[in-house]
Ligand SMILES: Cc1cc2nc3c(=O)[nH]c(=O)nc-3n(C[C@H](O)[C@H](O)[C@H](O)COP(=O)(O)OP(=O)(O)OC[C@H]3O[C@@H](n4cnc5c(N)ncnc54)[C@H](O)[C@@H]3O)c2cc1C
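We begin with a single chain expressed as structure tokens, specifically the form predicted alone.
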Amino acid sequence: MKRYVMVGGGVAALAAAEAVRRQDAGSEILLFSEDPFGFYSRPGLAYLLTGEVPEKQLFPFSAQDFRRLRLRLLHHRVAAVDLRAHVVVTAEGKEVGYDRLLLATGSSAVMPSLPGAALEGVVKLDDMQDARRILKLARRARRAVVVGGGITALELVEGLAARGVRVHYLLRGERYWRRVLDEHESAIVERKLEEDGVRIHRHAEVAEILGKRGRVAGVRLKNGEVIKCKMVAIAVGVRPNKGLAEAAGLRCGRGVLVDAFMRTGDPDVFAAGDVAEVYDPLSGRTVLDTLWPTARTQGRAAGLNMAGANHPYRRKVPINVTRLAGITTTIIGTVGQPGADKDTLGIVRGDSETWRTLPDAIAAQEGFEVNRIRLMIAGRHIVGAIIMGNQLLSQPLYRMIAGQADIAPVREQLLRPGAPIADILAAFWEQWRVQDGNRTVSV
């Protein structure tokens, strides 16, 4: 009987455990998780902050589900891995042997080195404990400052605003999420935030977090301006938790490097989720993804291969459906914009490096108010899309991008100034779906 050990309590580890159990009904599965809350929906924390979803709905696995998997959940921190001895060592010094090991250690928020960063009231949004702390602090905070870009920064801004906190949102650059959104899309998000009472400060950098009796009292900007507040929320990016792998001697780049089967340089050790750096055949380079569906897919592939299957992980076109300032937004494929994003350090949570690649493509777009479509077209194919507001074309666009639909019949129509892109795409989709009805594109 084999023993499978999963280090990490997120969706990648759970997906791997489920896949192992489907392949191997009798072996032992141990899951080490440092998170005292166990397994819950990380994307759902945004809705917990706004009050739209109660905490209990963020736990998709019941005790019965864990029993069904015959999985032992151990709330201990793994401090080391001994590859030669095939053991993991807990922080208490206990050695636990394994036949196959999965590292699904995720990523952690980057906290910049700022004077005052250790004050009570400086927060991030990594996990349930962070979310509870934010909600507790928000009950007595009249003002808060949010620093950063990307999806998590917006989650913090919206969550605090929904709790009645006056939010000052600091952007180091001239607009929001420059490497992913274009100027019009950034403006849509910023305008909606301002309508909801959020004050946006552009070209604003924090020099110091000010304190009083150990608690946050405000921030001083580099231009000398002081903003009084009781909370400072920071979301400037995330960094893969690769320390355990590096200390064990596994090959690492920005994350833990894996092959097509999610296997590390050691044949009995696998990695999946935010910590895994995977090869992207489309770009010919290794990339990081911090997307929940991607972590689940990677975990499933890793679990199957840990149990002896020959199941390569095929990286799909990255897609995420999220909310930006209350606007449902779908981001698919390659949509990058020129110029560095000063508000983020590397990758951000809920992000794919593919999005931020600058495509050798031209844009076709239409939009009014909060309903907008932007396409990135390279040759005879759509390589990326952003859909804000009405989402009727989201799945058709994903299928056309993933299936490399030949848009030559409508390419010139799509690129014509003022073209009714949604109507053109809808008509083309109906035709392509019939012609390529035997084509299967999984989402």
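All values derive from a computational prediction rather than experimental measurement. We number the residues from 1 along the sequence you see.
Beyond the structure shown, there is the form predicted together with the named molecule, which is absent from this document and is the topic of what follows.
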| query | finding |
| --- | --- |
| Stretch in contact in the predicted bound form with the named molecule, which is absent here, among 208-216, 194-202, 270-278, 224-232 (heavy atoms within 4.5 Å) | 270-278 |
| Partner proximity in the predicted bound form: V335 to the named molecule, non-hydrogen atom cutoff 4.5 Å | no |
| Partner contact for V258 in the predicted bound form: the named molecule, 4.5 angstroms, heavy atom | no |
| Contact test in the predicted bound form: D266 vs the named molecule, heavy atoms, 4.5 Å | no |
| Distance check, A104 to the named molecule in the predicted bound form, heavy atom within 4.5 Å | yes |
| Proximity to the named molecule in the predicted bound form, single hit among G389, G403, P396, P43 (heavy atom within 4.5 Å) | P43 |
| Heavy atom within 4.5 Å of the named molecule in the predicted bound form - the one residue of I373, V78, V317, A301 that qualifies | V78 |
| Residues from 1-16 in contact with the named molecule (non-hydrogen atom within 4.5 Å) in the predicted bound form | V7, G8, G9, G10, V11, A12, A13 |
